[in-house]
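Shown below, as structure tokens, is a lone chain in the form predicted on its own; questions about how it binds or moves come after it.
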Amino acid sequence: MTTLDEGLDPGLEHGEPPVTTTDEQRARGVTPSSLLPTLPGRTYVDPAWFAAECEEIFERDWFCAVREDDLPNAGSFRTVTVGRESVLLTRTRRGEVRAFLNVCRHRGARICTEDAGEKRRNFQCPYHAWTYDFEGKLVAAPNLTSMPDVDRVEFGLKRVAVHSWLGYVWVSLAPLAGEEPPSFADTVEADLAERLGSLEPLAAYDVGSLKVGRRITYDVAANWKLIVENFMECYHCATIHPELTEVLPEFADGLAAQYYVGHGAEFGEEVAGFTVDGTPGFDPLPGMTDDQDRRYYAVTVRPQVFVNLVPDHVIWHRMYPMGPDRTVVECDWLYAPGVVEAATGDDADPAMAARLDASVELFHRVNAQDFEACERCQPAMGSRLYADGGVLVPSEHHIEAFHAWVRDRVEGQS
């Protein structure tokens, strides 16, 4: 795995990152020595390239699908897009989470057309009434008793691999290609550990115990890679994020906290909380350490998760790439259960609700600003001027590792 801090002085916390342009690039005269080339424009617009990303990345890796709390009861379900597939997630009567391709085994009709809901007894195809239990087994169909040779398990819904971690359900479609899912520890956990220095700091936030205080879904007219690249750098922060740079002054210098292993951006001296106006948020989460207090940590978990850690809550983005030029982003603001109950429950405290609004509003604005910037870039990805791509300035050089990973997955597998 390519490390985000490759080539950095381990003691470096601020200042311009070192230049890493290769001798080969300099010899070709492609870019000045302080700049690195990006991926070519076609990788952001070409349907064939996107299809390859679906096959080699989204349909093989662990993909964060839903929050476990989205499936509270037996028969609760959600449908999500993973690569080129619709995946149906549900909870069985034994309380276990299952995931299946949302495809009837008879003639291929979609089993569930809703994004979410709850079934009392089973899933029934609306076309020919083939019926499946919550374990995916075929339990009924017209004239099924006259077809005794039909194996009800074999002709059940096609199961995909699931893994629960940090309160989220992750799926892998690798078994559909006859492969084992990748090691969760070597992929998802490794990305978090690499950024934070280890998984130990993550324990302080106890993400699995938190509750969703607010969820906002964004439909972004941009390629998923543009969104990842944007999240990984802060060269743009002084230009488009006035609220964020007020709370995190070091971001105005253009250096993303992600660049440095274990580093969290410090709140401004006059800032009381991670809120849109710097007013107090909520009490720190119970496990918060002195080193983590008043710090913001951002982590990219490939291929489609962003984790944002602050003392009193966690902001969790997950992307659903829908096409070369469209990405749906679902963002959860996670808080201690008592906070969510006090701020959103039937007897909500107006003061607590106002605090939650101020807390959510900060990153909601950041999201809107970022996604507008990505949508501004997307049309130019097909420009002749961008055929060979753009460039990365020194404070963005760590994005090259992400580009290399994408290239290796798409071109290295072909």
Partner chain sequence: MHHLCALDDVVPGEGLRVTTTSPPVAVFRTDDDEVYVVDDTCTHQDASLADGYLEGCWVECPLHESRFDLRTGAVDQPPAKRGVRTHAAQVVDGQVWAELSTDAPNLPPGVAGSTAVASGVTA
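Computed from a predicted structure; not experimentally measured. Positions refer to the first chain, counted from 1.
In what follows, reference is made to the form predicted together with the partner chain, a form of this protein that is not presented.
Of these, 245-253, 332-340, 289-297, 126-134, which stretch puts a heavy atom within 4.5 angstroms of the partner chain in the model of the complex? Partner-contacting stretch among the options: 126-134.
Determine whether any heavy atom of residue 142 comes within 4.5 Å of a heavy atom of the partner chain in the model of the complex, and answer yes or no. Yes, contact at 4.5 Å.
Counting only non-hydrogen atoms and a 4.5 angstroms cut-off, does residue 147 reach the partner chain in the model of the complex? Residue 147: yes, in contact with the partner chain in the model of the complex.
Quick one: does residue 120 come within 4.5 Å of the partner chain in the model of the complex, counting heavy atoms only? Yes, contact at 4.5 Å.
I'd like to know whether residue 152 contacts the partner chain in the model of the complex, with contact meaning heavy atoms within 4.5 angstroms. Contact check for residue 152: yes, within 4.5 Å of the partner chain in the model of the complex.
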